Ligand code: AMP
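First comes one chain, alone, set out as structure tokens in the form predicted on its own.
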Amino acid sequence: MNPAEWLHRTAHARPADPAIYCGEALVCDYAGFDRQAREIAGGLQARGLVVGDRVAVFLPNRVDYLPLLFGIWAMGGVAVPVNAKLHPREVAWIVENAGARLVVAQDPEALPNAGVSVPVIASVADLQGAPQDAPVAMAARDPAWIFYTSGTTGRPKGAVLTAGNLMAMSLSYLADVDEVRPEDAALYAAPLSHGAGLYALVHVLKGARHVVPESGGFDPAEIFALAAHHRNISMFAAPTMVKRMTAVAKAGGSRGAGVKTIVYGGGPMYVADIKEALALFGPVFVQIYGQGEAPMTITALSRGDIADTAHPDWDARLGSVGRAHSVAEVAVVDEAGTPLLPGEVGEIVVRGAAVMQGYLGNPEANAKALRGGWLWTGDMGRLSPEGYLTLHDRAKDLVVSGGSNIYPREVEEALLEHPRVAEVSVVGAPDPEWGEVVVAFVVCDGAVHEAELDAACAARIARFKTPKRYVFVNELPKNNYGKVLKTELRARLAAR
């Protein structure tokens, strides 16, 4: 089914219901939202675009983002959302790789100079034409969204997500993540080009409100003010965003009034951090684990699991990413693809209705990632007997020291128990004797001695896992979605 059909149906059922807000100001109701999308579809057709054509969206969060997405789908096109903070030359490569026919960009002048040869427009209003009567039909196998990976190493890859993938992801949200009601409001503080935008679909299906902050981005004080105004706010946030919201709320005496649900994912949420957030905001948290290749839909740790402080396995569950989504099968396997026993660490594989069709024009990457009917995620983890999945690290982040495997996350968890350690990231450094040694980059709130950090590790992990070196830094390098760039940390060590 075409995702735009959900908008069309909601608009018929609840035309006067509020749809899109800019901050506190109502921009349009559902009838207006649907009309804008159909006008954009008509405008794209007037420009000569046809079913299956790709449109790149290089925009920050703004109120016309969602009408543009649904307009692309309404005419049968494929949306190519692009991280708004990329360099124009990076965007030019994505546009060419995707075979986009058109680009909508905030700054259209920069892209032609960077090598973009297709038309670039800045105003969505310039696309609007005679409204299309209704969305064109889409089959489940038809591409709808090309999701480009963050590209922290090498060129990003375009994961082709079909209409069926997006439907499975959205319906699984209702089954495994959260209920959505018309009185709810999705707040877009994280980029619409990624997870936040993917979650817009289920909120359109259920006729909820959509709130784009006036800042267009992440500002905890603004989020708290909008939550208090709109009530029943749901949002997607990276763990670093949750940590920042907790700090701002504590400093300002806020407890997040009006926040219904915070779905977090996209990076490691440390146990100490989620405990602190839970104590402040209450049971509003759900964790998801997914990838662009299986968008938002591998496992989920429920609100109940996170809030169940009396459960004897509470700490272990908080350190996990939950259990498989309803539409997913998850396994942990060895290099040959043989399933491992509960508790054994191996590579996480997933299959199901949300898994991508494949990488666009990249048979080599497809052969590596899609094997035996499974998506090989590149993430290492272990399953509990009850089916809870605990991530260790990316396979490439594993540290092998003296023949022993050391998973950075467990070292990071131990160090974060120190009250003055604010952030930490652990990597391996080449060593002539041990092969690799553990190095911890540490951000501290106040003076901390290395002996204190050694003691924190000694209380929780085996001695051979304790870092051989600590590097104290003011901040950790991160990409636009809050993920720590371990490749940059390794480069710093190499430069030394």
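In this text, residue numbers run from 1 along the sequence as written. Since the model is a prediction, treat every value here as computed from it, not as a measurement.
Another form, the form predicted together with the named molecule, is not on view; read the next lines as being about it.
Undergrad: Does each of T149, Q287 and G290 have at least one heavy atom within 4.5 Å of the named molecule in the predicted complex?
TA: Yes: T149, Q287 and G290 each sit within 4.5 Å of the named molecule in the predicted complex.
Undergrad: Using a 4.5 angstroms cut-off on non-hydrogen atoms, would Q106 count as touching the named molecule in the predicted complex?
TA: Flag for Q106 set to no.
Undergrad: Heavy atoms within 4.5 Å of the named molecule in the predicted complex: does D379 have any?
TA: Residue-level check for D379: yes, a contact with the named molecule.
Undergrad: If we define contact as a non-hydrogen atom of the residue within 4.5 angstroms of the partner, is N113 a contact of the named molecule in the predicted complex?
TA: Answer no; every heavy atom of N113 is more than 4.5 Å from the named molecule in the predicted complex.
Undergrad: Within a 4.5 Å heavy atom cut-off, is H194 in contact with the named molecule in the predicted complex?
TA: Yes, H194 is a contact residue.
Undergrad: Heavy atoms within 4.5 Å of the named molecule in the predicted complex: which stretch in 214-222, 413-421, 259-267, 76-84 meets that?
TA: Every other range fails; the passing one is 259-267.
Undergrad: Given that the named molecule is left out here, which of T338, S117, S123, N405 has a heavy atom within 4.5 Å of it in the predicted complex?
TA: After the contact test, the surviving option is N405.
Undergrad: Using heavy atoms only and a 4.5 Å cut-off, determine which of L391, A208, M235, A227 is in contact with the named molecule in the predicted complex.
TA: Comparing distances to the named molecule in the predicted complex, the residue within 4.5 Å is L391.
Undergrad: Even though the chain is shown alone, can you say which residues of 319-347 have a heavy atom within 4.5 Å of the named molecule in the predicted complex?
TA: Counting only heavy atoms within 4.5 Å of the named molecule in the predicted complex, the single contacting residue of 319-347 is V321.
Undergrad: Just say closer or farther for the C-alpha distance from M269 to E436 in the predicted complex, relative to the shown form; it changes by 3 Å or more.
TA: Relative to this form, closer in the predicted complex.
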